[in-house]
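Same chain, two forms, each on its own as C-alpha coordinates: structure 1, then structure 2.
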Structure 1
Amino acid sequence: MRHTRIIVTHYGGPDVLQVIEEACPEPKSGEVRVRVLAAGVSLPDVLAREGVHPETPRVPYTPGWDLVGIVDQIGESVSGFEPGQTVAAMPISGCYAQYVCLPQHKFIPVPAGLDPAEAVAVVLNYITAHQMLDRSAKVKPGQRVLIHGASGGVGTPFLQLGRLADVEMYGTCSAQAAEVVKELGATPIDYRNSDFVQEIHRLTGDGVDAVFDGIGGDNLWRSREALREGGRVVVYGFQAKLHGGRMASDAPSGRHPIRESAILGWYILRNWFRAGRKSMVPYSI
(Lines of atoms letter the chains of each structure in order from A and count residues from 1; the text may use other names and numbers.)
(Lines give C-alpha, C1' and ligand atoms only; values in the text may rest on other atoms or scores of the structure.)
Protein backbone atom coordinates (compact mmCIF):
# COMPACT_ATOMS: atom_id res chain seq x y z
CA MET A 1 0.00 0.00 0.00
CA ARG A 2 1.24 3.53 -0.78
CA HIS A 3 0.54 6.88 0.85
CA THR A 4 1.48 10.52 0.45
CA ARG A 5 3.10 12.88 2.92
CA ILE A 6 4.56 16.38 2.93
CA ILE A 7 8.27 16.85 3.51
CA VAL A 8 10.54 19.80 4.23
CA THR A 9 13.93 19.19 2.60
CA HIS A 10 15.59 22.45 3.69
CA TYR A 11 14.51 25.34 5.93
CA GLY A 12 12.68 28.26 4.33
CA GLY A 13 9.34 29.48 2.91
CA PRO A 14 6.28 27.55 1.73
CA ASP A 15 8.12 26.62 -1.49
CA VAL A 16 10.26 24.12 0.49
CA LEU A 17 7.19 21.94 1.10
CA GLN A 18 7.11 18.90 -1.20
CA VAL A 19 4.54 16.15 -1.64
CA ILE A 20 6.01 12.66 -1.91
CA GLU A 21 4.43 9.27 -2.49
CA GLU A 22 6.02 6.26 -0.87
CA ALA A 23 5.29 2.87 0.72
CA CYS A 24 3.01 3.12 3.72
CA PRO A 25 4.89 2.85 7.05
CA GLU A 26 4.46 -0.48 8.89
CA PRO A 27 3.96 -0.38 12.68
CA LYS A 28 6.88 -1.83 14.66
CA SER A 29 6.45 -3.70 17.91
CA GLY A 30 4.65 -1.42 20.41
CA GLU A 31 3.43 0.93 17.65
CA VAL A 32 0.00 1.78 16.29
CA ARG A 33 -0.64 2.98 12.74
CA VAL A 34 -3.39 5.53 12.12
CA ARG A 35 -5.07 6.82 9.00
CA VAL A 36 -4.96 10.57 9.52
CA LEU A 37 -8.38 12.26 9.38
CA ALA A 38 -7.22 15.74 10.43
CA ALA A 39 -3.85 17.34 11.13
CA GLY A 40 -3.50 20.72 12.81
CA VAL A 41 -1.86 23.57 10.88
CA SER A 42 -0.26 26.06 13.24
CA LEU A 43 2.24 28.86 13.52
CA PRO A 44 4.72 26.51 15.23
CA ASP A 45 4.70 24.48 11.96
CA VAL A 46 5.70 27.66 10.09
CA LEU A 47 8.43 28.52 12.63
CA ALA A 48 9.84 24.97 12.38
CA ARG A 49 9.76 25.14 8.58
CA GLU A 50 11.84 28.33 8.89
CA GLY A 51 14.23 26.46 11.22
CA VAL A 52 13.72 28.69 14.27
CA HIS A 53 11.22 26.84 16.47
CA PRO A 54 12.83 25.25 19.58
CA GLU A 55 11.40 21.89 18.44
CA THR A 56 12.61 22.16 14.83
CA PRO A 57 13.39 18.65 13.53
CA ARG A 58 16.40 17.99 11.31
CA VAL A 59 15.61 17.91 7.58
CA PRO A 60 14.17 16.03 5.84
CA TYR A 61 11.09 15.86 8.03
CA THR A 62 7.31 15.90 7.79
CA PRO A 63 5.60 18.86 9.51
CA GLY A 64 2.45 18.67 11.62
CA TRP A 65 2.21 18.91 15.41
CA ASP A 66 -1.04 17.08 16.04
CA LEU A 67 -3.50 14.66 14.52
CA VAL A 68 -6.78 12.88 14.90
CA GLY A 69 -7.02 9.57 13.07
CA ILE A 70 -8.47 6.10 12.90
CA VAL A 71 -6.44 3.12 14.14
CA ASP A 72 -5.66 1.14 11.03
CA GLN A 73 -3.04 -1.43 12.03
CA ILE A 74 -1.52 -2.56 15.32
CA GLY A 75 2.06 -3.70 15.93
CA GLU A 76 3.10 -6.64 18.09
CA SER A 77 2.60 -6.38 21.86
CA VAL A 78 0.15 -3.48 21.63
CA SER A 79 -2.83 -3.62 23.98
CA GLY A 80 -5.79 -1.33 24.56
CA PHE A 81 -6.22 -0.21 20.94
CA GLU A 82 -8.28 -1.76 18.18
CA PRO A 83 -8.72 -1.07 14.46
CA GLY A 84 -11.46 1.47 13.78
CA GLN A 85 -10.93 3.36 17.03
CA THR A 86 -10.56 7.18 16.82
CA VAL A 87 -7.45 8.54 18.53
CA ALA A 88 -5.42 11.74 18.87
CA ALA A 89 -1.69 12.40 19.25
CA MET A 90 0.79 15.26 19.43
CA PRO A 91 4.11 13.98 18.06
CA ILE A 92 5.25 17.60 17.24
CA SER A 93 6.16 16.61 13.69
CA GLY A 94 5.06 14.03 11.16
CA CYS A 95 1.29 14.61 10.93
CA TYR A 96 1.04 16.01 7.38
CA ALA A 97 0.74 12.45 6.10
CA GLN A 98 -1.97 9.97 5.17
CA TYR A 99 -0.65 7.28 7.55
CA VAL A 100 1.42 7.73 10.71
CA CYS A 101 3.00 5.12 13.03
CA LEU A 102 3.71 6.07 16.65
CA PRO A 103 4.37 4.22 19.92
CA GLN A 104 1.05 3.34 21.54
CA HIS A 105 1.70 5.59 24.57
CA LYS A 106 1.55 8.63 22.24
CA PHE A 107 -2.17 8.09 21.55
CA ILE A 108 -5.25 8.98 23.53
CA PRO A 109 -8.77 7.85 22.63
CA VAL A 110 -11.16 10.42 21.11
CA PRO A 111 -14.89 10.09 21.92
CA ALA A 112 -16.94 8.84 18.98
CA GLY A 113 -19.02 11.29 16.98
CA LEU A 114 -16.73 14.32 17.17
CA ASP A 115 -15.73 16.19 14.04
CA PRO A 116 -12.00 15.29 13.61
CA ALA A 117 -11.12 18.82 12.42
CA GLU A 118 -12.69 20.28 15.58
CA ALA A 119 -11.20 17.63 17.87
CA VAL A 120 -7.66 18.18 16.57
CA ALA A 121 -7.82 21.84 17.65
CA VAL A 122 -7.94 20.64 21.26
CA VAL A 123 -4.61 18.82 21.04
CA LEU A 124 -2.19 21.73 20.60
CA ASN A 125 -4.20 24.96 20.62
CA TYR A 126 -6.72 24.37 23.41
CA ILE A 127 -4.23 22.65 25.71
CA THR A 128 -1.79 25.52 25.17
CA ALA A 129 -4.47 28.08 26.09
CA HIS A 130 -5.78 26.00 29.00
CA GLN A 131 -2.35 25.47 30.57
CA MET A 132 -1.42 29.14 30.27
CA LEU A 133 -4.68 30.32 31.85
CA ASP A 134 -4.69 27.70 34.57
CA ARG A 135 -1.03 27.03 35.37
CA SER A 136 1.02 29.99 34.14
CA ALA A 137 -1.35 32.84 35.04
CA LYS A 138 -3.58 30.97 37.54
CA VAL A 139 -6.47 33.28 36.60
CA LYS A 140 -9.34 33.81 39.03
CA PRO A 141 -12.94 34.77 38.21
CA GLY A 142 -13.31 38.52 37.76
CA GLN A 143 -9.66 39.11 36.83
CA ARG A 144 -8.80 40.98 33.64
CA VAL A 145 -6.67 39.48 30.89
CA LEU A 146 -5.26 40.71 27.59
CA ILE A 147 -4.86 38.11 24.84
CA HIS A 148 -2.72 39.01 21.84
CA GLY A 149 -3.65 37.46 18.48
CA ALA A 150 -7.12 36.82 19.93
CA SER A 151 -8.62 35.67 16.61
CA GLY A 152 -5.86 33.10 15.96
CA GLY A 153 -5.41 29.38 16.53
CA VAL A 154 -4.47 29.74 20.21
CA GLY A 155 -6.32 33.06 20.65
CA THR A 156 -9.84 31.70 20.05
CA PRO A 157 -9.48 28.83 22.59
CA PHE A 158 -8.20 31.44 25.05
CA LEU A 159 -11.44 33.37 24.56
CA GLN A 160 -13.67 30.32 24.91
CA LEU A 161 -11.86 29.03 28.00
CA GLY A 162 -11.51 32.52 29.48
CA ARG A 163 -15.26 32.99 29.22
CA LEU A 164 -15.80 29.71 31.11
CA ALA A 165 -13.30 30.87 33.75
CA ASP A 166 -15.34 34.07 34.11
CA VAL A 167 -12.48 36.48 33.39
CA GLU A 168 -12.84 39.92 31.81
CA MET A 169 -11.12 39.70 28.42
CA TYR A 170 -9.47 42.12 26.00
CA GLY A 171 -8.06 40.82 22.74
CA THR A 172 -5.75 42.37 20.13
CA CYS A 173 -6.70 41.51 16.56
CA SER A 174 -6.91 43.11 13.13
CA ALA A 175 -10.06 45.13 12.33
CA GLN A 176 -11.68 42.40 10.21
CA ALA A 177 -11.48 39.94 13.14
CA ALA A 178 -13.06 42.32 15.68
CA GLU A 179 -16.55 40.83 15.33
CA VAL A 180 -15.33 37.27 16.03
CA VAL A 181 -13.40 38.42 19.09
CA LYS A 182 -16.46 40.29 20.37
CA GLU A 183 -18.75 37.28 19.78
CA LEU A 184 -16.35 35.14 21.81
CA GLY A 185 -16.70 37.49 24.76
CA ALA A 186 -13.74 39.89 24.61
CA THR A 187 -13.35 43.60 23.91
CA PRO A 188 -11.41 43.77 20.61
CA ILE A 189 -8.43 46.13 20.25
CA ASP A 190 -7.22 46.82 16.73
CA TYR A 191 -3.46 46.44 17.18
CA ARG A 192 -2.69 47.85 13.72
CA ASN A 193 -4.54 51.15 14.13
CA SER A 194 -4.40 51.86 17.85
CA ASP A 195 -2.01 51.71 20.78
CA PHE A 196 -3.07 48.70 22.83
CA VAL A 197 -1.39 49.97 26.02
CA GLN A 198 -3.34 53.24 25.88
CA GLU A 199 -6.54 51.37 25.02
CA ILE A 200 -6.14 48.99 27.97
CA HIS A 201 -5.60 51.87 30.40
CA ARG A 202 -8.51 53.82 28.89
CA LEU A 203 -10.81 50.81 29.22
CA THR A 204 -9.68 49.44 32.59
CA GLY A 205 -8.05 52.28 34.51
CA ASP A 206 -5.14 50.48 36.17
CA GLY A 207 -4.48 47.68 33.63
CA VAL A 208 -4.91 43.90 33.46
CA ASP A 209 -3.84 41.03 35.72
CA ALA A 210 -2.31 38.93 32.94
CA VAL A 211 -1.18 39.36 29.35
CA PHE A 212 -0.65 36.35 27.07
CA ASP A 213 2.03 37.37 24.59
CA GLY A 214 2.99 35.10 21.67
CA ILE A 215 4.29 38.10 19.73
CA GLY A 216 7.62 38.54 21.53
CA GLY A 217 10.37 41.14 21.03
CA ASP A 218 9.70 44.66 22.28
CA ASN A 219 5.97 43.86 22.31
CA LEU A 220 6.78 42.23 25.68
CA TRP A 221 7.67 45.59 27.22
CA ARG A 222 4.40 47.03 25.90
CA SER A 223 2.50 44.07 27.34
CA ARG A 224 4.19 44.78 30.67
CA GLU A 225 2.97 48.38 30.51
CA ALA A 226 -0.59 47.09 30.13
CA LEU A 227 -0.33 45.24 33.48
CA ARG A 228 -1.50 46.50 36.82
CA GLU A 229 0.92 46.11 39.77
CA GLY A 230 1.35 42.44 40.68
CA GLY A 231 0.40 41.34 37.15
CA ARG A 232 2.11 38.80 34.93
CA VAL A 233 3.08 38.53 31.26
CA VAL A 234 3.06 34.94 29.99
CA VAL A 235 5.62 34.74 27.16
CA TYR A 236 4.99 31.94 24.70
CA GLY A 237 6.10 32.81 21.15
CA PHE A 238 7.98 35.10 18.82
CA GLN A 239 5.54 35.85 16.07
CA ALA A 240 7.09 39.33 15.63
CA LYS A 241 9.94 37.56 13.83
CA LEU A 242 7.56 36.71 10.97
CA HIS A 243 6.21 38.90 8.22
CA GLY A 244 3.68 37.46 5.76
CA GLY A 245 4.48 33.94 6.99
CA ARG A 246 8.27 34.32 6.39
CA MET A 247 11.14 35.33 8.65
CA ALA A 248 11.09 39.14 8.66
CA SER A 249 14.90 39.42 8.69
CA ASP A 250 17.02 38.22 5.78
CA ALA A 251 19.34 36.25 8.08
CA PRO A 252 20.56 33.08 6.30
CA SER A 253 18.13 30.20 6.73
CA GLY A 254 19.17 27.12 8.66
CA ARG A 255 18.40 25.27 11.86
CA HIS A 256 18.51 27.64 14.85
CA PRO A 257 16.38 25.93 17.51
CA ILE A 258 17.83 27.87 20.46
CA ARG A 259 18.32 31.40 19.14
CA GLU A 260 14.79 32.82 19.42
CA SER A 261 14.07 31.13 22.78
CA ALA A 262 17.35 32.55 24.11
CA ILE A 263 16.26 36.04 23.02
CA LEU A 264 12.94 35.59 24.87
CA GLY A 265 14.89 34.37 27.91
CA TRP A 266 16.97 37.54 27.78
CA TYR A 267 13.79 39.67 27.94
CA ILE A 268 12.55 37.64 30.91
CA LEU A 269 15.86 38.12 32.70
CA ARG A 270 15.88 41.88 32.09
CA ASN A 271 12.34 42.12 33.44
CA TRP A 272 13.72 41.39 36.93
CA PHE A 273 15.62 44.67 36.84
CA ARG A 274 12.67 46.80 35.78
CA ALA A 275 10.73 48.93 38.21
CA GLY A 276 7.41 47.62 39.53
CA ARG A 277 6.04 44.33 40.80
CA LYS A 278 5.35 42.76 37.40
CA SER A 279 6.48 39.26 36.47
CA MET A 280 7.26 37.58 33.15
CA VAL A 281 7.07 33.80 32.87
CA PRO A 282 7.78 31.58 29.87
CA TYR A 283 5.41 28.89 28.69
CA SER A 284 6.01 25.91 26.43
CA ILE A 285 3.62 23.02 25.96
Structure 2
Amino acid sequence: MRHTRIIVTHYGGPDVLQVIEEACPEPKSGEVRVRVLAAGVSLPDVLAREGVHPETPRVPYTPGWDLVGIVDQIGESVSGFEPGQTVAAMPISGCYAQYVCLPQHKFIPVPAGLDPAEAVAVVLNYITAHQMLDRSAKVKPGQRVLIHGASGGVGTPFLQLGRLADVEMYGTCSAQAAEVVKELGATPIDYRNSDFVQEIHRLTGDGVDAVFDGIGGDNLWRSREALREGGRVVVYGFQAKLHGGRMASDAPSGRHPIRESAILGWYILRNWFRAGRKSMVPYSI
Protein backbone atom coordinates (compact mmCIF):
# COMPACT_ATOMS: atom_id res chain seq x y z
CA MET A 1 0.00 0.00 0.00
CA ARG A 2 1.18 3.49 -0.80
CA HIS A 3 0.37 6.89 0.68
CA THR A 4 1.27 10.56 0.22
CA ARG A 5 2.88 13.00 2.60
CA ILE A 6 4.22 16.53 2.48
CA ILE A 7 7.92 17.24 2.89
CA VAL A 8 10.08 20.32 3.35
CA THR A 9 13.37 19.95 1.47
CA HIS A 10 14.74 23.40 2.32
CA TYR A 11 13.60 26.17 4.65
CA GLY A 12 11.44 28.96 3.28
CA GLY A 13 7.88 29.97 2.38
CA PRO A 14 4.86 27.86 1.39
CA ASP A 15 6.48 27.15 -1.96
CA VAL A 16 8.98 24.77 -0.31
CA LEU A 17 6.19 22.29 0.53
CA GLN A 18 6.25 19.25 -1.75
CA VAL A 19 3.94 16.25 -2.02
CA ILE A 20 5.55 12.83 -2.42
CA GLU A 21 4.16 9.33 -2.81
CA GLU A 22 5.84 6.39 -1.10
CA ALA A 23 5.23 3.04 0.58
CA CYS A 24 2.93 3.29 3.57
CA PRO A 25 4.83 3.03 6.88
CA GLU A 26 4.47 -0.17 8.90
CA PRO A 27 4.12 0.04 12.69
CA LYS A 28 7.02 -1.34 14.70
CA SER A 29 6.68 -3.04 18.06
CA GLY A 30 4.95 -0.65 20.47
CA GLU A 31 3.70 1.59 17.66
CA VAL A 32 0.26 2.46 16.34
CA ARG A 33 -0.46 3.43 12.75
CA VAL A 34 -3.23 5.97 12.19
CA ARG A 35 -4.99 7.19 9.08
CA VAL A 36 -4.86 10.97 9.46
CA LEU A 37 -8.23 12.70 9.30
CA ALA A 38 -7.07 16.21 10.23
CA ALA A 39 -3.76 17.89 10.97
CA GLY A 40 -3.33 21.33 12.51
CA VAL A 41 -1.78 24.30 10.73
CA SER A 42 -0.20 26.57 13.33
CA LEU A 43 2.34 29.32 13.80
CA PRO A 44 4.97 26.79 15.01
CA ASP A 45 4.53 24.97 11.66
CA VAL A 46 5.30 28.22 9.82
CA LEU A 47 8.30 28.99 12.02
CA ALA A 48 9.69 25.46 11.66
CA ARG A 49 9.27 25.66 7.89
CA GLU A 50 11.25 28.91 8.01
CA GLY A 51 13.95 27.17 10.08
CA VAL A 52 13.69 29.42 13.15
CA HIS A 53 11.54 27.52 15.66
CA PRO A 54 13.50 25.97 18.57
CA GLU A 55 11.98 22.59 17.61
CA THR A 56 12.89 22.95 13.92
CA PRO A 57 13.70 19.52 12.42
CA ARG A 58 16.51 19.10 9.96
CA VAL A 59 15.44 18.84 6.32
CA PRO A 60 13.98 16.88 4.73
CA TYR A 61 11.09 16.54 7.16
CA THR A 62 7.30 16.37 7.21
CA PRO A 63 5.55 19.25 8.99
CA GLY A 64 2.56 19.02 11.27
CA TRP A 65 2.50 19.41 15.04
CA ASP A 66 -0.76 17.64 15.83
CA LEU A 67 -3.28 15.25 14.33
CA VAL A 68 -6.55 13.45 14.79
CA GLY A 69 -6.90 10.11 13.06
CA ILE A 70 -8.32 6.60 13.02
CA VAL A 71 -6.27 3.67 14.31
CA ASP A 72 -5.49 1.67 11.20
CA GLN A 73 -3.02 -0.96 12.43
CA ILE A 74 -1.30 -1.78 15.71
CA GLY A 75 2.18 -3.18 16.22
CA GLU A 76 3.26 -5.92 18.59
CA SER A 77 3.07 -5.27 22.34
CA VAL A 78 0.44 -2.53 21.92
CA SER A 79 -2.47 -2.49 24.36
CA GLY A 80 -5.36 -0.13 24.95
CA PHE A 81 -5.99 0.70 21.28
CA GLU A 82 -7.96 -1.04 18.58
CA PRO A 83 -8.52 -0.53 14.85
CA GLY A 84 -11.22 2.01 14.07
CA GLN A 85 -10.65 4.00 17.25
CA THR A 86 -10.33 7.80 16.93
CA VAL A 87 -7.18 9.21 18.55
CA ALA A 88 -5.14 12.41 18.75
CA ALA A 89 -1.40 13.04 19.03
CA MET A 90 1.10 15.88 19.10
CA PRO A 91 4.42 14.53 17.76
CA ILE A 92 5.60 18.10 16.79
CA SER A 93 6.37 17.02 13.23
CA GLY A 94 5.23 14.41 10.73
CA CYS A 95 1.45 14.93 10.70
CA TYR A 96 1.05 16.16 7.11
CA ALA A 97 0.68 12.62 5.80
CA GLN A 98 -2.05 10.12 5.01
CA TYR A 99 -0.66 7.57 7.48
CA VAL A 100 1.54 8.10 10.53
CA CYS A 101 3.20 5.59 12.87
CA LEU A 102 3.99 6.67 16.43
CA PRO A 103 4.68 4.99 19.80
CA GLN A 104 1.41 4.21 21.54
CA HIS A 105 2.16 6.58 24.46
CA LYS A 106 1.92 9.48 22.01
CA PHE A 107 -1.81 8.91 21.47
CA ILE A 108 -4.88 9.77 23.51
CA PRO A 109 -8.45 8.68 22.73
CA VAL A 110 -10.85 11.18 21.14
CA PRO A 111 -14.53 10.96 22.12
CA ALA A 112 -16.71 9.52 19.39
CA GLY A 113 -18.78 11.91 17.32
CA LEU A 114 -16.43 14.89 17.35
CA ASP A 115 -15.55 16.58 14.08
CA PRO A 116 -11.83 15.79 13.43
CA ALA A 117 -11.06 19.33 12.24
CA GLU A 118 -12.58 20.79 15.41
CA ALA A 119 -10.95 18.21 17.66
CA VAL A 120 -7.45 18.81 16.30
CA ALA A 121 -7.80 22.51 17.14
CA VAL A 122 -7.89 21.52 20.82
CA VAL A 123 -4.54 19.74 20.89
CA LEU A 124 -1.75 22.30 20.42
CA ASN A 125 -3.75 25.49 21.08
CA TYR A 126 -5.43 24.38 24.28
CA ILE A 127 -2.31 22.73 25.70
CA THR A 128 -0.47 25.98 25.02
CA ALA A 129 -3.10 28.14 26.73
CA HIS A 130 -3.48 25.78 29.68
CA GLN A 131 0.24 25.51 30.32
CA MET A 132 0.77 29.28 30.13
CA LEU A 133 -2.09 30.03 32.49
CA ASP A 134 -1.20 27.32 34.97
CA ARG A 135 2.56 26.82 34.67
CA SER A 136 3.98 30.09 33.35
CA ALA A 137 1.71 32.70 34.93
CA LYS A 138 0.36 30.59 37.81
CA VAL A 139 -2.88 32.58 37.71
CA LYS A 140 -5.20 32.50 40.70
CA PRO A 141 -8.95 33.21 40.87
CA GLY A 142 -9.66 36.93 40.86
CA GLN A 143 -6.39 37.96 39.22
CA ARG A 144 -6.39 40.09 36.09
CA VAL A 145 -4.83 39.08 32.76
CA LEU A 146 -4.38 40.67 29.34
CA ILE A 147 -4.43 38.40 26.29
CA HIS A 148 -3.12 39.70 22.99
CA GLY A 149 -4.93 38.38 19.93
CA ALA A 150 -7.82 37.27 22.12
CA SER A 151 -9.96 36.04 19.22
CA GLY A 152 -7.17 33.95 17.65
CA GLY A 153 -6.22 30.30 17.73
CA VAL A 154 -4.56 30.48 21.15
CA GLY A 155 -6.50 33.52 22.39
CA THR A 156 -9.86 31.73 22.25
CA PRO A 157 -8.66 28.83 24.45
CA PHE A 158 -7.19 31.44 26.83
CA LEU A 159 -10.61 33.02 27.22
CA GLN A 160 -12.44 29.73 27.70
CA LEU A 161 -9.91 28.34 30.20
CA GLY A 162 -9.51 31.71 31.91
CA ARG A 163 -13.24 31.86 32.51
CA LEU A 164 -13.09 28.40 34.12
CA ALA A 165 -10.17 29.60 36.26
CA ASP A 166 -12.29 32.59 37.38
CA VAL A 167 -9.79 35.26 36.30
CA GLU A 168 -10.64 38.77 35.16
CA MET A 169 -9.77 38.97 31.48
CA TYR A 170 -8.97 41.71 28.97
CA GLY A 171 -8.23 40.96 25.35
CA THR A 172 -6.83 42.94 22.44
CA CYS A 173 -8.67 42.28 19.19
CA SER A 174 -10.12 43.99 16.13
CA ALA A 175 -13.42 45.84 16.34
CA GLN A 176 -15.03 43.04 14.32
CA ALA A 177 -14.02 40.42 16.90
CA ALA A 178 -15.01 42.47 19.96
CA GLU A 179 -18.42 40.83 20.38
CA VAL A 180 -16.92 37.33 20.30
CA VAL A 181 -14.31 38.28 22.89
CA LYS A 182 -17.04 39.76 25.10
CA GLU A 183 -19.19 36.62 24.77
CA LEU A 184 -16.22 34.53 25.92
CA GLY A 185 -15.96 36.55 29.12
CA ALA A 186 -13.32 39.21 28.46
CA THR A 187 -13.34 42.97 28.08
CA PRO A 188 -12.30 43.66 24.45
CA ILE A 189 -9.73 46.33 23.62
CA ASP A 190 -9.60 47.51 20.01
CA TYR A 191 -5.86 47.50 19.34
CA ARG A 192 -6.23 49.43 16.08
CA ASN A 193 -8.10 52.42 17.49
CA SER A 194 -6.92 52.63 21.08
CA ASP A 195 -3.76 52.35 23.18
CA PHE A 196 -4.05 49.08 25.08
CA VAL A 197 -1.72 50.27 27.87
CA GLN A 198 -3.85 53.35 28.51
CA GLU A 199 -7.04 51.30 28.31
CA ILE A 200 -5.76 48.73 30.80
CA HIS A 201 -4.85 51.40 33.33
CA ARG A 202 -8.14 53.21 32.75
CA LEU A 203 -10.08 50.01 33.35
CA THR A 204 -8.03 48.52 36.20
CA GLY A 205 -6.12 51.37 37.81
CA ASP A 206 -2.82 49.69 38.59
CA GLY A 207 -2.66 47.17 35.71
CA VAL A 208 -2.93 43.41 35.27
CA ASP A 209 -1.17 40.50 36.95
CA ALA A 210 -0.12 38.82 33.69
CA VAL A 211 0.12 39.61 29.98
CA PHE A 212 0.28 36.83 27.38
CA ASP A 213 2.25 38.21 24.45
CA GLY A 214 2.63 36.26 21.21
CA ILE A 215 3.65 39.36 19.26
CA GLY A 216 7.17 39.82 20.60
CA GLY A 217 9.69 42.49 19.69
CA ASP A 218 9.24 45.93 21.21
CA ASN A 219 5.60 45.12 21.95
CA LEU A 220 7.01 43.32 25.01
CA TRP A 221 7.89 46.68 26.56
CA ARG A 222 4.34 47.91 25.98
CA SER A 223 2.98 44.74 27.55
CA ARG A 224 5.26 45.34 30.52
CA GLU A 225 3.74 48.81 30.98
CA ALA A 226 0.32 47.19 31.34
CA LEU A 227 1.48 45.16 34.36
CA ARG A 228 0.97 46.00 37.99
CA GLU A 229 3.93 45.61 40.35
CA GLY A 230 4.84 41.95 40.74
CA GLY A 231 3.24 41.02 37.40
CA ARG A 232 4.77 39.07 34.57
CA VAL A 233 4.77 39.03 30.78
CA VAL A 234 4.60 35.51 29.36
CA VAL A 235 6.24 35.47 25.92
CA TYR A 236 5.25 32.74 23.48
CA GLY A 237 5.86 34.03 19.96
CA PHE A 238 7.10 36.77 17.67
CA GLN A 239 4.34 37.47 15.17
CA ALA A 240 5.71 40.99 14.72
CA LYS A 241 8.38 39.47 12.48
CA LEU A 242 5.91 37.75 10.19
CA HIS A 243 4.75 39.40 6.99
CA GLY A 244 2.36 37.60 4.66
CA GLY A 245 2.95 34.31 6.46
CA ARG A 246 6.72 34.62 6.20
CA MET A 247 9.54 35.90 8.35
CA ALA A 248 10.78 39.42 7.67
CA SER A 249 12.59 39.61 4.36
CA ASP A 250 15.90 40.58 5.96
CA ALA A 251 16.06 37.32 7.96
CA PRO A 252 18.74 34.93 6.63
CA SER A 253 17.46 31.64 5.22
CA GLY A 254 18.46 28.28 6.65
CA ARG A 255 18.10 26.52 9.99
CA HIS A 256 18.45 28.95 12.91
CA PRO A 257 16.61 27.27 15.81
CA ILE A 258 18.28 29.33 18.55
CA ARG A 259 18.34 32.75 16.86
CA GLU A 260 14.93 33.97 18.00
CA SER A 261 15.43 32.37 21.41
CA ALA A 262 18.66 34.33 21.77
CA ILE A 263 16.88 37.56 20.81
CA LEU A 264 14.17 36.83 23.36
CA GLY A 265 16.84 36.11 25.96
CA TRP A 266 18.27 39.57 25.30
CA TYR A 267 14.87 41.15 26.00
CA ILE A 268 14.56 39.17 29.24
CA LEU A 269 18.06 40.22 30.31
CA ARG A 270 17.27 43.90 29.62
CA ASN A 271 14.05 43.55 31.61
CA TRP A 272 16.08 42.84 34.75
CA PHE A 273 17.55 46.33 34.58
CA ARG A 274 14.24 48.13 34.16
CA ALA A 275 12.48 49.79 37.05
CA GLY A 276 9.73 47.93 38.87
CA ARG A 277 9.16 44.39 40.06
CA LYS A 278 7.95 43.06 36.73
CA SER A 279 9.19 39.81 35.23
CA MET A 280 9.33 38.47 31.69
CA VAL A 281 9.26 34.71 31.19
CA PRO A 282 9.50 32.64 28.00
CA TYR A 283 7.10 29.79 27.31
CA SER A 284 7.95 26.48 25.66
CA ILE A 285 5.51 23.63 25.30
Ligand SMILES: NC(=O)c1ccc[n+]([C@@H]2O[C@H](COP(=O)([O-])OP(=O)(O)OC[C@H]3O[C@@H](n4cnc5c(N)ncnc54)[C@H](OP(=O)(O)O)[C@@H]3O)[C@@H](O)[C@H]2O)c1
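Definition used throughout: the rigid core is the maximal C-alpha set that superposes within 1.5 Å between two forms. Source: prediction; values computed, not measured. Residue positions are counted from 1 along structure 1's sequence.
- The form predicted together with the ligand appears here as structure 1; structure 2 is the other form of the chain.
- With a cut-off of 2 Å and the rigid core superposed, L161 has a Cα displacement that falls short of the cut-off between structure 1 and structure 2.
- When the rigid core is held fixed, the Cα atom of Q98 travels less than 2 angstroms between structure 1 and structure 2.
- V78 is among the residues whose C-alpha shifts by 2 Å or more between structure 1 and structure 2 once the rigid core is aligned.
- Relative to the superposed core, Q176 moves its CA by 2.6 Å between structure 1 and structure 2.
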